[in-house]
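Okay, here we've got a single chain as structure tokens, the form predicted on its own, with questions on binding and movement later.
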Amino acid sequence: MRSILTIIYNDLSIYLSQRGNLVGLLVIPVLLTLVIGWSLGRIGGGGPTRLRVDLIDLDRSDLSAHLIEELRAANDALVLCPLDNDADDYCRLEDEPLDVDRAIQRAHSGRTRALVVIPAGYADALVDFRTVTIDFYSRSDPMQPGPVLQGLNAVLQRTSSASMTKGVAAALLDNLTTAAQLPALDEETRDSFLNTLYDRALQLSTEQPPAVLFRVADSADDSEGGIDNGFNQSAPGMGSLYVMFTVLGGMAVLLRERRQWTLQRLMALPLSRAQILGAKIGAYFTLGMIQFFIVFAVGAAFGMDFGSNPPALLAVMAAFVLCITALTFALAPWIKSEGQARGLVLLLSLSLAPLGGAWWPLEIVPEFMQTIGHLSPVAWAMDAFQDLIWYNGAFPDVLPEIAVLLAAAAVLFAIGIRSFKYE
């Protein structure tokens, strides 16, 4: 083990002693992270364009269905789970039923922005002009209601207005009948009149334009929040991009070491091939993690949100770096020149990064491009980063992404180790 660590230390010392490598490791990634983080914050493109909200309808009536439709209309950014879940399982339900207890846990952990529970008897309470309570669970500050609560309040206000109209009309009708000493209407006629009035009031409220629409604020509205949101996208995105630049650059270094007989001299030492290969893999894995730490440190300096599970974030970073390291060693044996290596680094980095959502959220591209994008390991890493940073996810939430990255790393390492050239 000591021999492996010595080789890793020596390789890192040589790499860091070259000024050009330091520029690529420190200066350019930091500048691009700052520029893109600031830019995304200005245009409001740093965050998710959809808000995941759990909704459980215990009433299952026409009026509760109407409330749900009104909530969708009031805020077209809401994805009501499980009703609006898609084939990609955007709600992350994992084919498990969503009951109240599980939904409360999801809201408590920040897995969803909020939980709305429509109680049984909701429709009867509205029709009879009785008080009804809709449970709302969220981690947002109640003194600063977010877009979900604002939209729900706007919808409930319109719905309550229709119920109030019916209640007031019933009271007026009873008072007029008593004051004028008129015979009371039979119950069927009275209920028919009030229900018609209620339906008309509800229709009029529905025809009103939506009261709340969620949109990401621009710089004039919320400059500080915009910067934070921008770095939540740019730090993991630029980190992933420059991890590829740094680690895939090892293809040229490995070729140079073979041509300069560095690897051959290592073979003359009392070291096994496994030790030499393990040291080389360890060196580039360490460089990739250093690159991630540098870019994330820039994000932290500008208020980036790291979520509530740093070990899970670290595991995603490690899985992605391991995958790119494996890709490097799978391709290195087939490289014939340093120019070919540099061209391949640029081609892979500048195609896999935007394809996988490093430059912009994948949610803004068409669905077929999202599917194609997941051919890139960057997409799996960015999915996991988004779950942890935007939705405050836990370790189990990112296990599928980590598993895919590790599986790809295992396959690529098997190819690379089998064909690795020491001479």
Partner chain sequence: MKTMVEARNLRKSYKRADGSTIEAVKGVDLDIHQGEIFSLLGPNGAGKTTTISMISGLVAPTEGDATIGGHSITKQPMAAKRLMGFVPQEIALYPELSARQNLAFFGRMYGLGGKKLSRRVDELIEFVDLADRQNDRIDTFSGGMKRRVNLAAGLLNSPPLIYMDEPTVGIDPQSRRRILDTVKLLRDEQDMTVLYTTHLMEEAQELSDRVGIMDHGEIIAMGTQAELTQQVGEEDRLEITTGAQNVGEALTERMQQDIAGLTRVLYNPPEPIGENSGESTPARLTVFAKRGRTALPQIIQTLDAAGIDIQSVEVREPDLEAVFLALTGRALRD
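None of the values given here were measured: they were computed from a predicted structure. Numbering follows the first chain given and starts at 1.
Absent from the display: the form predicted together with the partner chain. The rest refers to it.
Chemist: How about Leu350 - does it come within 4.5 Å of the partner chain in the predicted complex, if we only consider non-hydrogen atoms?
Modeler: No, Leu350 stays farther than 4.5 Å from the partner chain in the predicted complex.
Chemist: Is Ile134 close to the partner chain in the predicted complex, meaning a heavy atom pair under 4.5 Å apart or at it?
Modeler: Answer no; every heavy atom of Ile134 is more than 4.5 Å from the partner chain in the predicted complex.
Chemist: Hey, in the predicted complex, does Ser337 get a heavy atom within 4.5 angstroms of the partner chain?
Modeler: Judged by the heavy-atom cut-off of 4.5 Å, Ser337 is well away from the partner chain in the predicted complex.
Chemist: Is there a heavy atom of Arg130 lying 4.5 Å or less from a heavy atom of the partner chain in the predicted complex?
Modeler: Arg130 lies outside the contact set for the partner chain.
Chemist: So which stretch, 312-320, 273-281, 243-251, 295-303, is the one near the partner chain in the predicted complex (non-hydrogen atoms, 4.5 Å)?
Modeler: Selected range: 273-281.
Chemist: In the predicted complex, which of the listed residues (Ala125, Met267, Val100, Leu149) lies with a heavy atom within 4.5 Å of the partner chain?
Modeler: Checking each option against the partner chain in the predicted complex, the one that comes within 4.5 Å is Met267.
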